[in-house]
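Starting off, we have a lone chain in the form predicted on its own, written out as structure tokens.
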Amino acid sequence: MMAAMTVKTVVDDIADGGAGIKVFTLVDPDRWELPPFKPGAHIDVHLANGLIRTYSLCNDPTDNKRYVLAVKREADGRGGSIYLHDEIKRGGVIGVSLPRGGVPLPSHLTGFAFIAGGIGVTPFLSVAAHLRRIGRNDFVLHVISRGPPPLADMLAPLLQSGHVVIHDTWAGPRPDIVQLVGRPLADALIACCGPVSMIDAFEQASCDWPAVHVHVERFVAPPLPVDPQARAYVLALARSGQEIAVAAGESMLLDVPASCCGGICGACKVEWLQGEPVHRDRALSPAERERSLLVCVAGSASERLVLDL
């Protein structure tokens, strides 16, 4: 596994974010500014046990001397959240990736609607802080939770300003995602982050919307369908000169750090130089695909695919 370039951070604070949630504040060891990020961006957290996990940044991008992460302890997860909850203490050192991604917020749009399920509210906290700071009040954040919402302290200012609607499914029925999405609009953006069932309902409800005005943030990568057109090919690494035979349907995930292994986080993005890649990710834009691919899910339609590795 190639060593990943990371930014050294120190855990400055660990706070209670609600049931099973801890809020970690990471800072530069010398309190310098951290690399900038866009609203709704995320970072990879490199843990001492070898795990790499991706979390959204909750704070306003102008709050550039810290990264704030909210992590829910998932007992049945893949181990990253358990390690963070049980092993990480104040003063601990954590390596993180450069921030990437974010929720697109074109200035010409006249409204934004965000739908969050539980801890899926995290990227939208950063987005909401950004929009309020620049004077954009034309947004609503729907938070669907079972019982009290997570990160109540962070949501409090948005509740007070009328930008948040809480849907407590213990107190009433789950809201109809179709109604929350509404009819297609050419001048608005809708976005969703939450459990798989919610995202599935959101994608179905928004299928008639312009694709560029629909954004999804996923916790878990969906299973990849079997590709009947998959073919064997040679994977060439331009810098090392290595050539690797990849069998039909086999992953090319070989020598780069990875987190989700399902094409949703972007941790394993590399540049491709020659050939015809098959993109199966849900993270890269069409423009990014012209020069990049995610090796955890990508394939090749050509007999030889050259990567900048």
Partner chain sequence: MPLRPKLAMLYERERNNAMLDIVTPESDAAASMWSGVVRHLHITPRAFLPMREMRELTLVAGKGIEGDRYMVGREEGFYSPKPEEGRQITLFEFETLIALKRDHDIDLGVDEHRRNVTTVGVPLTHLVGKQFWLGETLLEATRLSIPCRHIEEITGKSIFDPLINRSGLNCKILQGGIVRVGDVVRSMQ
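Since the structure is predicted, the reported quantities are computational estimates derived from the model, not experimental observations. Think of the rigid core as the biggest set of C-alphas that the two forms share within 1.5 Å after superposition. Numbering follows the first chain given and starts at 1.
Absent from the display: the form predicted together with its partner chain. The rest refers to it.
Participant: Tell me, yes or no, whether L47 is in contact with its partner chain in the predicted bound form, where a contact means a heavy atom of each within 4.5 Å.
Facilitator: Looking in the predicted bound form, residue contacts with its partner chain do not include L47, since no heavy atom lies within 4.5 Å.
Participant: So in the predicted bound form, does T6 come within 4.5 Å of its partner chain, heavy atom to heavy atom?
Facilitator: Result yes; T6 sits at the interface with its partner chain in the predicted bound form.
Participant: Test of understanding: in the predicted bound form, would G241 fall inside 4.5 Å of its partner chain by heavy atoms?
Facilitator: Contact with its partner chain, no.
Participant: Just checking whether I43 would be counted as a contact of its partner chain in the predicted bound form - the rule being heavy atoms within 4.5 angstroms.
Facilitator: No - in the predicted bound form, heavy atoms of I43 and its partner chain never come within 4.5 Å of each other.
Participant: What stretch, of 256-264, 242-250, 53-61, 270-278, brings heavy atoms to within 4.5 Å of its partner chain in the predicted bound form?
Facilitator: In the other structure, the partner sits against 256-264.
Participant: May I ask whether D28, R31 and P35 all come within 4.5 angstroms of its partner chain in the predicted bound form, judged by heavy atoms?
Facilitator: Result yes, every residue of the spot touches its partner chain.
Participant: Taking heavy atoms and a 4.5 Å limit, what residues of 269-308 are near its partner chain in the predicted bound form?
Facilitator: Going through 269-308 in order - heavy atoms within 4.5 Å of its partner chain in the predicted bound form - there is one hit, R282.
Participant: Inspect the rigid-core superposition and answer whether the C-alpha of V297 shifts by 2 angstroms or more between this form and the one not shown.
Facilitator: The answer is yes; the displacement is at least 2 Å.
Participant: Would the C-alpha of A283 be classed as shifted by 2 Å or more between this form and the one not shown after rigid-core alignment?
Facilitator: After core superposition, the displacement of the A283 C-alpha between this form and the one not shown reaches the 2 Å mark, so yes.
Participant: Once you compare with this form, do the C-alpha atoms of L34 and C261 lie closer or farther in the predicted bound form, given a change of 3 Å or more?
Facilitator: Compared with this form, L34 and C261 lie closer in the predicted bound form.
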